[in-house]
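Quick heads-up: it's one chain on its own, the form predicted on its own, in structure tokens.
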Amino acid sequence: MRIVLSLILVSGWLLASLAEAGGIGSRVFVVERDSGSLAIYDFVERELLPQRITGLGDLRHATMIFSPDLRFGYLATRNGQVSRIDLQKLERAGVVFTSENSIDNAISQDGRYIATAEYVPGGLTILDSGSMQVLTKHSATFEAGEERVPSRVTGVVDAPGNRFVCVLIEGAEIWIVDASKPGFPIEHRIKTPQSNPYDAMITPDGRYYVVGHIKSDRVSLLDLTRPGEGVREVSLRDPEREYERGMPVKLPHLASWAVAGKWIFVPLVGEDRLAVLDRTSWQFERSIPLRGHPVYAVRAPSEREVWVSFSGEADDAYVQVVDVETLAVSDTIRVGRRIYHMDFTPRGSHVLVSANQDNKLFLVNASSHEIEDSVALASPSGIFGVWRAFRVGL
């Protein structure tokens, strides 16, 4: 009798544990920007969970990363606040203020450390992901005349070898930080050929770090396997296109680039095209004409398609699908007004789209291009699926 009772109790505990842990893989955390909260949507169950995680601070340009064991998420906000989110209980499980103003965060490949890029006072802060304690602060300064002045830091990513990489805006310098050594030393400080870098990204294979510059049609490219060779410049100009204006003000955030097949797809501010670069040589290949000014280019997991969103009232409700093989637009879909973010589900069956002006999150079938579900949200913007835990640079 006791054995039976014990088995019943153990079975009940196991089922309860599985129920508690279940569903994490299909949960998507969506920033509700104006209210400083996160909404949670389950794309398998097609339902908005009743919980809201609130009190998260200024969520403009908020970024969320996830621990490799999917135990926690870490949300960095514009007011320098890093909140740890318990992914099972769907509640905040710790908070620390790293600065007055932060812009990006990344988690080390071993999951032990969080790095946040700071605008004010300027630098890179490294946290212990378990205790949420500040371990190191690398102040970012550069020489201006006879004095040293602070520089904003942005574009922080994780890189192979348990490293972090970031860029100094005013300092025009790339840092490579080793997170496997005591003190998290800055092992490389590499000057960029151009001034005013403002954002950066890492390619999905973890090899190249790409930096955009204000008022420039060129990007700086660093091969992280050969950092000693320095930075090379890559042009985004179409040699066959006539330009009525001068240099672009800046490119969109470089996280909006798509790397698919043997190509790199680059949205260009103020132009109705994608620039296409060869993934091996980084040489300009061609332009793809679009219906408007592109903002995000998001690759399908199959790398056969790239989905593009737009700015401008005439175009911001639309998504265009680009065929990676033909390098041409294959379809145009109307989803919702003022699309702020898109992401594919892990196996590429659906696309999640936040439409800020319509206050909705949409689930779009990636094959039929039909909208299969939508939920009402307040000022939705960033979409963060837990599968980001298994991608380089996120």
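Predicted, not measured: the structure shown is a model, and the values here were computed from it. Heads up: residue numbers just count along the shown sequence, starting at 1.
Omitted here: the form predicted together with a further copy of the same chain. The next part is about that form.
To verify the annotation, which of these, 100, 187, 205, 229, has a non-hydrogen atom within 4.5 Å of a further copy of the same chain in the predicted bound form?
Residue within 4.5 Å of the partner: 205.
Note which of 34, 325, 331, 47 lies within 4.5 Å of a further copy of the same chain in the predicted bound form, where distance is taken over heavy atoms; exactly one does.
Checked against the cut-off, the match is 325.
Would residue 108 count as a contact of a further copy of the same chain in the predicted bound form, using a 4.5 angstroms cut-off between non-hydrogen atoms?
Yes.
Check residue 158 for me: does it contact a further copy of the same chain in the predicted bound form (non-hydrogen atoms, 4.5 angstroms)?
Looking in the predicted bound form, residue contacts with a further copy of the same chain include residue 158, since a heavy atom lies within 4.5 Å.
Whether residue 68 contacts a further copy of the same chain in the predicted bound form should be assessed with a 4.5 Å heavy atom distance threshold; does it?
Heavy-atom contact with a further copy of the same chain at 4.5 Å: present for residue 68.
Indicate whether residue 235 is a 4.5 Å heavy atom neighbour of a further copy of the same chain in the predicted bound form.
Answer no; every heavy atom of residue 235 is more than 4.5 Å from a further copy of the same chain in the predicted bound form.
Please identify, from 23-31, 335-343, 354-362, 52-60, the stretch that has a heavy atom within 4.5 Å of a further copy of the same chain in the predicted bound form.
It is 23-31 that comes within 4.5 Å of the partner.
Taking a further copy of the same chain in the predicted bound form, which residues of 81-106 have any heavy atom within 4.5 Å of it?
Residue within 4.5 Å: 88 only.
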